Structures are given as C-alpha cells and as structure tokens.
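As a starting point, one isolated chain is supplied in structure tokens, in the form predicted on its own.
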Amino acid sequence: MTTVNQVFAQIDSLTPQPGETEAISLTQAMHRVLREPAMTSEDQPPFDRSSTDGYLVRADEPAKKVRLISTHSPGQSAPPLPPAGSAIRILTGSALPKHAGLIMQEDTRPAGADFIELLKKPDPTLIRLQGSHSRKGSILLPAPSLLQPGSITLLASLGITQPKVSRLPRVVHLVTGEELVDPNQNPAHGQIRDCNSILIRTLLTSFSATLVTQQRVGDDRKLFRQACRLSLATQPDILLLSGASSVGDHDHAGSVLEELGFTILLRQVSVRPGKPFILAQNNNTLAFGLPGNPLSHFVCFHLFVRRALLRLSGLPPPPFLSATLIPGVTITANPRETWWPCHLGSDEGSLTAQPLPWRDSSDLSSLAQTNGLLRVPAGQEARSPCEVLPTIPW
C-alpha cells in the first residue's frame, strides 16, 4: 500500500502551482491568501507627527515660562516652528515641522493668561519621525500570507483596498450511503444520521474554500454516476466523495471516476484510520474518495484534502509539531501508520499531546476534544517526543 509520505509527495506533484488570483475588497479578505506583497507607497509615518497631547516648541527650548500662541489640530499641515519663548498647543497625531521639540501636557502647568511653564526640556522620543516605521517601497506583508484582522488593517493603512488573493478552491461534495438520513430526522431501525456532510462543510469553512455543491446520493450506481457527471460541469478543483471508496457491492467511486475520464492514482493508503482512500485526477480536478466512517473522514481530510486546499491557495502544507506524550489511552503497534486523535496542550511552556479514546473509525466521541492528530509510525508504539498535526490553527 502507498504510505502517507508518498501520498503527500503525489499531492504536491499534482498541485505544483497555486490557482488563479482575484482582486477583492478588504471586507471580503478575512482568511484569504494574499498573492502580491504589500508594499508602502510612501514613508510610514508619512510625516513627523506627535505621539501625545502637548506643546510644540523649538528643540532647544529650555524649561521656562513661554507664551501660548495658537492651537494645532490633527489633519492640518505642519505649522512653522514657533519663535523662541513661545509654544503651540498640539494634539496626538498632529503633523510637526522639522527640528521640532515636544513637551508632554503632563510636564507643563498654567502660568497665567496665554502662558504655560515648561517643567522639562523637549523630549525627542515623543515625535514619531517620518519613515521611522518603514520607508517607501518596503515590503510590510510578504506573499503568500493568510489574511487576518491585523494584516487586513495594515493593508487599509497602506491604501491597498483591492488586494490580489488566491481564488477560493471550488469543492463539490457527494455523500453516499442509503442508510443516511438528515440529522434533524429520527433514524428508523437500520438508519443513521448523516454527519459527514456537516463535517466537510465546517472543515471547508475553516480552511477557506467554496462549497459549490453538497448532495446526498445514496448507493444507486446510476444516480451516483449522474451526480458525479453533473458536479463536474461546475468545474470544481476538488471532488470529494464520502464513502463508496472500498471494495463492497455499493462502492462505485473508483469505477465511476474512471468512466468519467479520471485516472486513478491510488486506492489504498497504509494509514489507520483511513485505509480505503482514492486519489484520482481529471485535467484540473482532483478527486478524493474518503472512507465513509466519520473518524476516517476527519483524518483523511486533515492529512490529504487539507494539503491540496492549502497548495491550491498558495500556502505551504501544515507544519508538524513536536510534543511530549502524556498519559492517555494505550496505543499499541500496528502494521499501518496511525494518526491518533489527541488533545494538544502545554505544560510549563512545552507542547503536550494526550491520546483520546476511540473504539473504531465510526466512533465520534473523541472528536469533541480533538485538536491534533498524533502520528505513530508503522510497527511502533507511541512514545515521546511525538509528531503531531494540529487540526486547528496553532
């Protein structure tokens, strides 16, 4: 069987370049991937300005009584330097002339009508000098970068209101299984609630993709083929098939994909959970046949589908973290590489991983506490230090 690392390499080779770009507004930019570096079109700050409320004087003005001659507000051009023995009232953010001196309001006191007494000499650190943050042409945000509130705010400050970002990968999700019913229904005997649909929908929200279509298609081969064919007409980047990827009587994914022009690249992965896994390609569409059990779904998405989504967006694959194994369930050696649900935490600044119990790949009870997948090499027991793939931003 194909190893996990071999699947990683194959996905990387299938997505050598990120997808197309588009310009969007800043209000749409959250969690999008910036594809052009953000550069300053002017010095930052663009002029000398005050960092405090206070008084503008000459840089060599001694501590003494001076005349207050005017008030200067933010948004106005810098005033000329006041004559020796005089001061101008200044508010935070106001533009300042070159060679200015600045006195904090707290370091003065009234000294009669139109006069104040300077209790200290001017403090040059109170002036935010032009270009002290960055110079014109500096790159303040490299590409690719995942845009978050802070970086979006930075773009706004630079006047970049239509950033060029990766187009969101287009995903189609088809769910097989005649036994599945909607979660808001009470299942009859022999039926179960469909949780793979909401699992995929929420995971795609977390990793920025457009879910073009999501449909429950049962087990009928003809209907399954028709749903796949119609889905491909929407030109998805990724076709996700839940179930039907093994070798049972109703597992039609492989043969239907071949009929629709896909090349099957692999049918099994040496991984636990998630062994029956299909990877296929047809021109610019990748198809992933995920095992039907929800825990296998969760693992295969984070190992493989997530990797493809990130690469299509222009981001590197997620990093693996090193953690200390702490007591939890016992993980025995298995011929297949195991990715065990775990809870990542910290102890005195060190990352820890606690394995969570699961009975089989249909057992969802551990997922509520899962924020990482603990990697256990084939034929080995889990031991410290261990390798962990976070399943939430870390």
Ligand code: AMP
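Start at 1 with the first residue shown and count on from there. This one's a predicted model, so the numbers in the text were calculated from it and none came from an experiment.
Another form, the form predicted in complex with adenosine monophosphate, is not on view; read the next lines as being about it.
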{"property": "In the predicted complex, the residue from 200, 96, 180, 256 that sits within 4.5 Å of adenosine monophosphate by heavy atoms", "result": "180"}
{"property": "Candidate from 101, 236, 82, 294 lying within 4.5 Å of adenosine monophosphate in the predicted complex - any heavy atom", "result": "294"}
{"property": "Options 130-138, 190-198, 111-119, 69-77; stretch whose heavy atom lies within 4.5 Å of adenosine monophosphate in the predicted complex", "result": "190-198"}
{"property": "Touches adenosine monophosphate in the predicted complex: residue 168 (any heavy atom, 4.5 Å)", "result": "no"}
{"property": "Contact flag, residue 271 vs adenosine monophosphate in the predicted complex, heavy atom cut 4.5 Å", "result": "no"}
{"property": "Residue 313 within 4.5 Å of adenosine monophosphate in the predicted complex, heavy atoms", "result": "no"}
{"property": "Close approach of residue 163 to adenosine monophosphate in the predicted complex, 4.5 Å, heavy atom", "result": "no"}
{"property": "Contacts with adenosine monophosphate in the predicted complex - residues in 155-177 whose heavy atoms fall within 4.5 Å", "result": "175, 176"}
